[in-house]
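Just the one chain here, the form predicted on its own, laid out as structure tokens.
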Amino acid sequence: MKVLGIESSCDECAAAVVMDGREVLSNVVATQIPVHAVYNGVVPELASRMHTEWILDVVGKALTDAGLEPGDIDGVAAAAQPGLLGSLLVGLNFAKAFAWARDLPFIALDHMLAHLYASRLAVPGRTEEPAAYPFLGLLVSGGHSIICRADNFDDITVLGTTIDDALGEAFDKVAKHYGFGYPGGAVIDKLAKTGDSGAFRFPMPKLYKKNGVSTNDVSHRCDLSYSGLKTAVINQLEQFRVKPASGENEAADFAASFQKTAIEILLRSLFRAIEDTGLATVVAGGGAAANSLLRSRLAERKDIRCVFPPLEFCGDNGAMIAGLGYQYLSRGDRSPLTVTASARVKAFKRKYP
């Protein structure tokens, strides 16, 4: 089954064709980074407008690259949640129209589940077998930080999630404040390579207190928080300096120190989830899964298997949508053409306390 997948949840206008849920026949991503870079962040109205202008050409190129005509497609999948509502609606409605015009089966799906599926896609030179269920999922992006148990492609249990900012969001906000550039995650990751991660010692969040008193409540044991770290880096930098200023390398030093703490916050919760569940396989996904420090730190754990998607499938892309869409469609699932988009998924962000 050849499935056309369309992804437009944020600022990437993407389409792909995947055969039988694994073989990527084409993968086209039209990035809007130059459009939003001048604002150091995504402007929702601009994003949805660009999707409207680009979607037809992007889908057309995905078909051309796959050597296919519209009539060769067997099913259509599109991201319907979560994301920027205006952006989601562009890709979703285009996909519905494509499916309706050719009387094709259609499925609307959760693009965070697609990120979790991305590592199952087959690419030339990749010999690693997909992880067997169940495993732990680590979903990290600009809008979400989720630690979950995955029992199937559409069956996850959220064990931990952010109570405020997501990992990628914290990177973007720190990068914007200091004028490092956009997207913040990639810029800080590159800058940190030449910095001293021990130059600053930033605080780790504590989610086990109520009214200032430690409790035995472990309901937030695997949850995450980045607002405190973000505030420390932006507003209280000098309070956490432990080494003298290094002159020209100062920006790299606090970028490295910030990145180290941000990744440690994530890993602390992930390692707790491993301890609690006994699962020794971790499958990562999302744009922040491209972070080099995250990958190297997880590689140090020889007692667990860590599976990352190829870098091209970490960010938003149509191939992960098409691959996951095949799993639904081959099972006989269909979405009505009345389905609409949703900006949020309730379980993906937790209130505290």
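Sequential numbering from 1, following the sequence displayed. What you see is a predicted model; the values in this text were computed from it and never measured.
FYI, the form predicted in complex with a small molecule isn't displayed, but the following is about it.
Contact between L46 and the small molecule in the model of the complex is not found at the 4.5 Å heavy atom cutoff.
The closest heavy atom approach of G160 to the small molecule in the model of the complex falls outside 4.5 Å.
Although the partner is absent here, D253 sits far enough away that none of its heavy atoms falls within 4.5 Å of the small molecule in the model of the complex. Contact check for S141: a non-hydrogen atom falls within 4.5 Å of the small molecule in the model of the complex. In short, of 72-80, 243-251, 279-287, 228-236 it is 279-287 that has heavy atoms within 4.5 Å of the small molecule in the model of the complex.
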